[in-house]
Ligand SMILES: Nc1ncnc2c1ncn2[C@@H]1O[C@H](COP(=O)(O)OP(=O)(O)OP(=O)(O)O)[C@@H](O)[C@H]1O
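Consider the single chain below, provided in structure tokens and representing the form predicted on its own.
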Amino acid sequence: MTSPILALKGVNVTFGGLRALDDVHLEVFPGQVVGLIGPNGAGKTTLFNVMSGFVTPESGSIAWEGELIQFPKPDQLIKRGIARTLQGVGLFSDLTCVENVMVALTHKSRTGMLSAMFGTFDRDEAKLRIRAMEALEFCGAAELAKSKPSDLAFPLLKRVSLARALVTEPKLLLLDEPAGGLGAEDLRWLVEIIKSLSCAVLLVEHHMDVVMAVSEKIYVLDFGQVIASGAPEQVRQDPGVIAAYLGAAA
């Protein structure tokens, strides 16, 4: 296997005297799907926020594609090849779905969404719209292109949100509880689409069937510490993991 595309070592985060992350380590290899699980309050979202630039750790290191770097800022993610979805979809209510997806591409184009809003249109923006439509189609949401987010059910908004992340062609996709609010049919769609991706994926998820179905490796956080890591079946049978989720009696 090649070197990790992302490697975190010794990450520590404290909020008001509470240690949210304690000496956390994590690796994701190119093309690998990695699950990050743990009880509520274990530190999963904090770790995602560290990788996304919303939280700066007191200590620790991050390596991207084998090179030690500064922890990124949110506006640097796309340029580094990192995309993230949110627990809430975070779409702009005044834009159509295709325009929401196009927004993610404006960092790489001279053309912004203002031209679309004011009725002007040029060749560059036409290319962005084509790419946005391709991403929507890949996520099974092409027919939603002209719809506004306020007109759509939550599972459909999840598809648009995923299209917005994938349109940037990330090397690493961070999925924050992608199964939340989805029914059985949409869960099957989610599993299949994650399996079809060529980029590396790191997902935080409480829906264990999804995690076990797509992950090649799983990290388990509890009280800010990695208490287990390994293949899904190995993690499923780990006594520490069972205790963290079900209690020591179980």
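The structure presented is a predicted model; accordingly, all values stated were derived computationally and were not measured. Start at 1 and count along the sequence shown; that's the residue number.
Not on display, but discussed next: the form predicted together with the named molecule.
The named molecule: the contacting residue among 45, 61, 225, 32 in the model of the complex [heavy atom, 4.5 Å]
Contact with the named molecule in the model of the complex is made by 45 alone.
Which among 207-215, 22-30, 190-198, 37-45 is in contact with the named molecule in the model of the complex, heavy atoms within 4.5 angstroms?
Partner-contacting stretch among the options: 37-45.
For the three residues 92, 95 and 186, which mark the spot I'm curious about, does each lie within 4.5 Å of the named molecule in the model of the complex through at least one heavy atom?
No, because 92, 95 and 186 lack any heavy atom that approaches the named molecule to within 4.5 Å in the model of the complex.
Heavy atoms within 4.5 Å of the named molecule in the model of the complex: does residue 18 have any?
So residue 18 counts as contacting the named molecule.
In the model of the complex, does residue 134 come within 4.5 Å of the named molecule, counting heavy atoms only?
Flag for residue 134 set to no.
Do residue 177 and the named molecule come within 4.5 Å of each other in the model of the complex, heavy atoms counted?
Taking the distances in the model of the complex, the answer for residue 177 is yes, it comes within 4.5 Å of the named molecule.
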